[in-house]
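The chain below stands alone and is given as structure tokens, in the form predicted alone.
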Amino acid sequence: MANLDVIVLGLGGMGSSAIYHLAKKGVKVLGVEQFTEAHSLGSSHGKTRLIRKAYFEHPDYVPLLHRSYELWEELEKESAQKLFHKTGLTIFGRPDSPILMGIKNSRDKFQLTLNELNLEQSQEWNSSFKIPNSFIGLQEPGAGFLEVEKCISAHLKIATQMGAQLRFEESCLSWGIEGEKVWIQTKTEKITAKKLVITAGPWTSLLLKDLNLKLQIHRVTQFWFRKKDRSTVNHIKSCFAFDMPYGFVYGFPPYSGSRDFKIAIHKPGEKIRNLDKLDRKIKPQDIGELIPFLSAVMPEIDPNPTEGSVCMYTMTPDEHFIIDRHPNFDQVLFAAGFSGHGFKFSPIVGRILSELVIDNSSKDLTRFIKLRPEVLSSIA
């Protein structure tokens, strides 16, 4: 533990990437995680996450996505693992859907490959679905999904091969500044380094109480379903999503021998005031809004889930990310508020954090900064 350059607090999607990029650059780095590796108690779990470039949230994310795609491919080669499944993704909605309009906006600004399905083509897209009559589809062939836990483990494995040290089931009780260095206090010892990177997901506000980041934690559920007996639904091979009146419903095809379809609603759920009291048990009402969707759009799916999972969204007021330096301590950097759409950006966020640690700047962050100029002024 002597002469550490950096401590990374939290080794989920963003933290695992940050320590990977720091270790690759020869930085002496320690990662501290309060739970186990690739655990299911935060926001970076649930087997799969969508990845797409035609980004309806804002076109300024697209350059970061270009870099993320490159970095995911690099990680696959280094780890000799399949992490990104390019299945394609079709998103359906009414022609005036803000989501579809946002997708087209990103497509037009960055000349992205996107196929449009008219009303008739949408109806014929897949016989296992009953597409609402008024819906059209936008098909992104380069999209797909990431295997989330495998991605985290791959980042951590390469990081350790490059010399990073990892500590699991070790909570940070407090942190502070001592001269030009920063320290953290765990249950077992006080550890000192030159810099601190906080990537603690829903626990960020507890570690940065003085900043009043206005992060709101929400309870969110995900489910897995199987086809009904004698159904032909198995020929669904791509990811899919629907802009329904009650939320953005998205789904994944079975893969790697599984028979289950993961289906969920991208929508902040119950507000969580105390993380220690988060109800991690699946309740009957959790599946509420998925029942009418399955009945109307995917009638060949058995509405009784085979599995369910609870995770958390850490939301900012405008749902854009925060990547910043502590305004009072140059040694402390943090990334937070990924608002339920951040995992696909893990490799570029980790790279940005490593560049801020080493070079005090990042070209990739400069491209993104205009989304949050009032928050990122300390780096800009």
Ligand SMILES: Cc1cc2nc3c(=O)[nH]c(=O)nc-3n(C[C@H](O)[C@H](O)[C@H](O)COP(=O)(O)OP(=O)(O)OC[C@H]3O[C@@H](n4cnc5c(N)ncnc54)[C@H](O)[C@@H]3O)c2cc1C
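Note that residue numbering begins at 1 and tracks the sequence as displayed. Predicted model, so just to flag it, every value in this text is computed and none were measured.
The same protein has a further form, the form predicted in complex with this ligand, not shown here; the description that follows concerns it.
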Study note, to complete from the structure: Of the candidate stretches 107 to 115, 214 to 222, 88 to 96, 135 to 143, the one with residues having heavy atoms within 4.5 Å of this ligand in the model of the complex is 214 to 222
**Study point:** Interface membership of Ala193, this ligand in the model of the complex, 4.5 Å heavy atom rule
**Key:** no
**Study point:** Tyr255: touches this ligand in the model of the complex, heavy atom cutoff 4.5 angstroms
**Key:** no
**Study point:** 4.5 Å heavy atom contact, Pro202 to this ligand in the model of the complex
**Key:** yes
Review point. So in the model of the complex, does any heavy atom of Pro63 sit within 4.5 Å of this ligand?
Key: no
Check your understanding: Which residue among Leu207, Ile236, Ile131, Ile158 has a heavy atom within 4.5 angstroms of this ligand in the model of the complex?
Key -> Leu207
Point to revise | Contacting member of Gln165, Ser79, Ser171, Gln123, with respect to this ligand in the model of the complex [4.5 Å, heavy atom] | key: Ser171
Point to revise | Heavy atom distance at most 4.5 Å to this ligand in the model of the complex, all of Phe334, Pro347 and Ile352 | key: no
Review point. For 331 to 355: residues with a non-hydrogen atom within 4.5 angstroms of this ligand in the model of the complex?
Key: Phe338, Gly340, His341, Gly342, Phe343, Lys344
